[in-house]
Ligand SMILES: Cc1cc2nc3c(=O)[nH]c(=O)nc-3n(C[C@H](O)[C@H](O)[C@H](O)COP(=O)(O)O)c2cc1C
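First, one chain by itself in structure tokens, the form predicted alone.
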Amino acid sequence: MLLSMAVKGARDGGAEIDPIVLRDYQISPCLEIYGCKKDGECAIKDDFQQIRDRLLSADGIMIATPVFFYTVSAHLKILMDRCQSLWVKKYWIGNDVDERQQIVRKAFLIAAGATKGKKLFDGMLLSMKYFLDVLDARLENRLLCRGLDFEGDALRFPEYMDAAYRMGMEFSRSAGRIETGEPRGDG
């Protein structure tokens, strides 16, 4: 529901949206066979390559995930792990600093978790930072929602719904702007 509001805001702001619902694709987990060491291409051939290409061609990336055990959903984690091939390409194969100064995509994250713990999003945000790095993206904004456990819970929090719409609209206006980034590979 929050993602739908953010998408509506982004569309109302003039953005073109190319939705990717990960559960609708066949993506194997990373098998850590390092077939990507040769040229940065993942050796497993499935829907990952299509999704990777769509992400790399986007000006901005909007991600929504529930929080399970203080991290992202399994579908998103599989995609993140498969992007290890991009990390290999960027930091092992393309180790020339100038090659890593690339266009920065902007990213917007929506995460929803059931508990109200202080550290609910800490681990996920750290993983997201490095995942976005291999996509040459920077987390521009985030909407982190606590107290959401069941379908429809977001409706009990109109402030979350309003924020999702507003942030989606703001994101649509900023995602098209690009800038040169400094090399990022610090961890």
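We number the residues from 1 along the sequence you see. The structure displayed is predicted, hence computed values, not measured ones.
This protein has a second form, the form predicted together with the ligand, left out of what is shown; the following refers to that one.
Colleague: Does Ala114 make contact with the ligand in the predicted bound form, using a 4.5 Å heavy atom cut-off?
Modeller: So Ala114 counts as contacting the ligand.
Colleague: Is Ala58 close enough to touch the ligand in the predicted bound form, meaning at least one heavy atom pair within 4.5 Å?
Modeller: Judged by the heavy-atom cut-off of 4.5 Å, Ala58 is well away from the ligand in the predicted bound form.
Colleague: Would you check, heavy atoms only and a 4.5 Å threshold, whether Asp122 touches the ligand in the predicted bound form?
Modeller: No - in the predicted bound form, heavy atoms of Asp122 and the ligand never come within 4.5 Å of each other.
Colleague: Taking the ligand as it sits in the predicted bound form, is Tyr70 in contact with it (heavy atom to heavy atom, 4.5 Å or less)?
Modeller: Looking in the predicted bound form, residue contacts with the ligand include Tyr70, since a heavy atom lies within 4.5 Å.
Colleague: Any idea which of 42-50, 127-135, 142-150, 28-36 reaches within 4.5 Å of the ligand in the predicted bound form, heavy atoms considered?
Modeller: Going through the listed ranges, the match is 142-150.
Colleague: Are there residues in 1-39 with a heavy atom within 4.5 Å of the ligand in the predicted bound form, and which are they, in order?
Modeller: None of them.
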